[in-house]
Ligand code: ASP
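Just one chain follows, in the form predicted alone, and it is written as structure tokens.
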Amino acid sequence: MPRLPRIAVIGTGGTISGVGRDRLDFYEYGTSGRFMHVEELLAGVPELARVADIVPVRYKNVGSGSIGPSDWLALLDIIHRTVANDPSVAGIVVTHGTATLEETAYFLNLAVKIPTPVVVVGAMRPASSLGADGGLNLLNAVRVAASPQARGMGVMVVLNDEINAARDVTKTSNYRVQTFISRDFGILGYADADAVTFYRKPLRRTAPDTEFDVAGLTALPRVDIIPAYAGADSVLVDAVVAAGAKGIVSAGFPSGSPSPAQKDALSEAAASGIVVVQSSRSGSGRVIDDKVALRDAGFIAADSLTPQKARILLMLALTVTSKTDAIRRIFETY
């Protein structure tokens, strides 16, 4: 019998490991404070033994709203150490709550420095509920991480039988199981019952071939997101400048512009050396960098990145440079 691929599964908590009051608890389970450790989660899917030799790795047991940049750095270190200590590991799966799953996945997509496939997986229903989706999502994530075709695809997100690129995917619904969608560019492939199949490959640079090396860092530069809305003044911009932001992402009106008062304040911030990136709150489409208004204000266009992902790329870019032209090139590359 062929030897099964060795896959490490890192547990962070989230709905996929959540335990509610009963089988009809679909939304209050977070108040119980009960999350299964990764070993318990894996034990609930005995079919995993058919597809891989699983190595459980504990990290945290929290809702993903509690996961932030310090956790990204810690997870990155765990991934690197896991493979360094056991070179036979063929793939990494990170179980994660869905609220910030896309942010963790995109950070890893930019920062992982090993060619081992990394898949981030979650669930929309807790493990204790009727119709829980986590078990199958986890099984499929392991299958994808073990697939030879997964190499060179960057970090992936697997839910609902679909494989998405970390750069492109976003959560689009509060409760539906088909919530993770790559609106503009579509899925990478499927994890169907018979096979894992890929149909396209990301063209933007991905892990491990990136210029960001954050080994040894304990924090990332502060970058804040400022939402645009009708009548928005400069108060939020002034607040993040006073808080010491090194960068600001404007989640602007479609197709990418702040309110007039925000623009004045952001222009002052850019003139003072704070890097300003212009994104859009629309969730689809590019912000065009050649706009005269953006260039005159000293802003950088986020291209097709959502505000939350533009923030992550800017945080990492600021670990390399603070020069506007260099960061503009980074946004054109990733």
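Throughout, we count residues from 1 along the sequence that is shown. Since the model is a prediction, treat every value here as computed from it, not as a measurement.
Keep in mind that the form predicted in complex with the ligand is not shown, yet the notes after this line are about it.
Chemist: Considering 206, 164, 147, 98, which brings a non-hydrogen atom within 4.5 Å of the ligand in the model of the complex?
Modeler: Only one listed residue qualifies here, and that residue is 98.
Chemist: Please pick, from 191, 123, 111, 155, the one residue with any non-hydrogen atom lying within 4.5 angstroms of the ligand in the model of the complex.
Modeler: Contact check passes for 123.
Chemist: So, in the model of the complex, is residue 307 in contact with the ligand at a 4.5 angstroms heavy atom limit?
Modeler: No, residue 307 is distant from the partner.
Chemist: Mark residue 63 yes when one of its heavy atoms lies within 4.5 Å of a heavy atom of the ligand in the model of the complex, and no otherwise.
Modeler: Heavy-atom contact with the ligand at 4.5 Å: present for residue 63.
Chemist: Tell me, yes or no, whether residue 171 is in contact with the ligand in the model of the complex, where a contact means a heavy atom of each within 4.5 Å.
Modeler: Close contact exists here: in the model of the complex, residue 171 approaches the ligand to within 4.5 Å, heavy atoms only.
Chemist: Given the stretches 63-71, 274-282, 40-48, 296-304, which is the single one in contact with the ligand in the model of the complex, using a heavy atom cutoff of 4.5 Å?
Modeler: So the stretch in question is 63-71.
Chemist: Can you list, in sequence order, the residues from 215-232 that come within 4.5 Å of the ligand in the model of the complex, counting heavy atoms only?
Modeler: Going through 215-232 in order - heavy atoms within 4.5 Å of the ligand in the model of the complex - there are no hits.
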